[in-house]
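This document opens with one chain alone, in structure tokens, the form predicted on its own.
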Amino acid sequence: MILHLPGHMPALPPAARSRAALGLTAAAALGRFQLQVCADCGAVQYPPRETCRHCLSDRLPWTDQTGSGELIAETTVHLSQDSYFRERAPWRIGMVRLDAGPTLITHLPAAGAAAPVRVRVTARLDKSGQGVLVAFPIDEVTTMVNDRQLREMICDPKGRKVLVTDGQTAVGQALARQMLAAGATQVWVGHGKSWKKYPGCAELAALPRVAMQPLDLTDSKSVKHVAGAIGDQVDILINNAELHPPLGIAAGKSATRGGIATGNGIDAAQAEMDIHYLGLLRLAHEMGPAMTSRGADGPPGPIAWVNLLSIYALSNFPPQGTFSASKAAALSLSQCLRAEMRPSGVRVINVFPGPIDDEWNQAMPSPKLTPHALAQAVIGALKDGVEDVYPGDVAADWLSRWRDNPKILERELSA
């Protein structure tokens, strides 16, 4: 999918992990700090193992931790055999004794308080996409974007250049405005039909640091033109282009969109796939090489690619069957994109909102996620280095039920 340019591959932190240790990465991808806790004896365990170090039980569910503890020792690495850390030395690390019991080796802010001091440990994704531990002094406010060691674990919009692929929707306009509020120096806003006047577009175009950019994800030439014009400048790409065909209401039946058994959903399904799946594929082909090259550049900061998906990508919502299927296809493609971009240090973030309070979902009952809240969730994910985001009450509930038993959720939705 993506052409990696020879000579432009960056140094990355060591990425090898055991299957047990990947549980830490899985939690960090959601912005959570979890450790193994034995279901039989209750021991909190680190480093991760296949069995409990106390009772040898293999029942070791990953459980959320507060992260509170004490920094008991620290050192600064000036020389390293690893190319990533050698290029970035000196690098500060420490030993933390958690209140929960285990003792951990963690990264430390370059200018944080010296040991001994109370700290809070969090899990982050490093530039290789693997979970690592970072300890912050409880009594100090540390901004990762200003920390030489830690800023590559996040992609704060401050000082960055952003492309929002569709500014003709309430969501796209909220994303552009929030990026500006977060300190982006330039925001390009895509618009597919320049002849059509969409509410809010004129006001958005008048804002400082905003440039309207003709972009139609269903047109390969349009995507190629944008990639040639600004692809080598984009630090953060937000692919928010969506299509929800109008609701069709059958007599005596609930509203459905793109039904697959009625014979009325073929055109809608093709249009949805053209935007959600093929549109993402066109972007990846044209923007991918430029962004992977920028990811290899290192400073001034990491590169991020954000995909607006849907909670319906996890389990099909029959009233919006073809829309759900197109988002599931986009999720699969986005996972491939993430795997291909990871060697260049590019962070791919997937956003899974529930129903959004916009023109497409007027017939959906509450609760619905406002465009502003969705944009805030995207900003938070970039600032925290989170990989998967589930904003809103509906998405959080859906995710919980899907994790508990996907088959039960499928039956509940079909009812």
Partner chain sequence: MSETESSRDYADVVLVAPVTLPYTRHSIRTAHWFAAQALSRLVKSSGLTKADIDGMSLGSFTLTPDTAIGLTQHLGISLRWLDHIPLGGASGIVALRRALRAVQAGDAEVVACIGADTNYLDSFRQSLGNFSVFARDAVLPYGSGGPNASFAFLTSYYMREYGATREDFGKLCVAQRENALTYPHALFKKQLTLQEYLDARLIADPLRLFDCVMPCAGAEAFLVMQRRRAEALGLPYVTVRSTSERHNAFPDDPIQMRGGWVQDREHLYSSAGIEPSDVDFLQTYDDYPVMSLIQIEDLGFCAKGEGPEFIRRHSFSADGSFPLNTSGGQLSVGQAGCAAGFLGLVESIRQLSGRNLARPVPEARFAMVAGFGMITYDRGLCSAAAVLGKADT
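For clarity, every value in this text was computed on a predicted model and none was experimentally measured. Numbering follows the first chain given and starts at 1.
From this point on, the text means the form predicted in complex with its partner chain, which you will not see here.
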Item to check | Segment assignment from 277-285, 317-325, 102-110, 334-342: heavy atom within 4.5 Å of its partner chain in the predicted complex | outcome: 102-110
Next on the checklist: Quick check on this chain: which one of 380, 367, 31, 48 has a heavy atom within 4.5 Å of its partner chain in the predicted complex?
Outcome noted: 48
Item to check | Single option in 222, 75, 143, 270 placed near its partner chain in the predicted complex, where near means a heavy atom within 4.5 Å | outcome: 75
Item to check | All of 14, 53 and 115 with a heavy atom within 4.5 Å of its partner chain in the predicted complex | outcome: yes
Checklist entry - Should residue 136 be classed as touching its partner chain in the predicted complex when contacts are defined as heavy atoms within 4.5 Å? => result no
Next on the checklist: Taking any heavy atom pair closer than or equal to 4.5 Å as contact, tell me whether residue 198 reaches its partner chain in the predicted complex.
Outcome noted: no
Next on the checklist: in the predicted complex, is there a heavy atom of its partner chain that lies within 4.5 Å of any heavy atom of residue 231, even though the partner is absent here?
Outcome noted: no
Next on the checklist: Under a 4.5 Å heavy atom criterion, is residue 21 part of the interface with its partner chain in the predicted complex?
Outcome noted: yes
Checklist entry - Taking its partner chain in the predicted complex, which residues along 78-106 bring a heavy atom to within 4.5 Å of it? => result 78, 79, 80, 81, 82, 85, 91, 93, 94, 95, 97, 103, 104, 105, 106
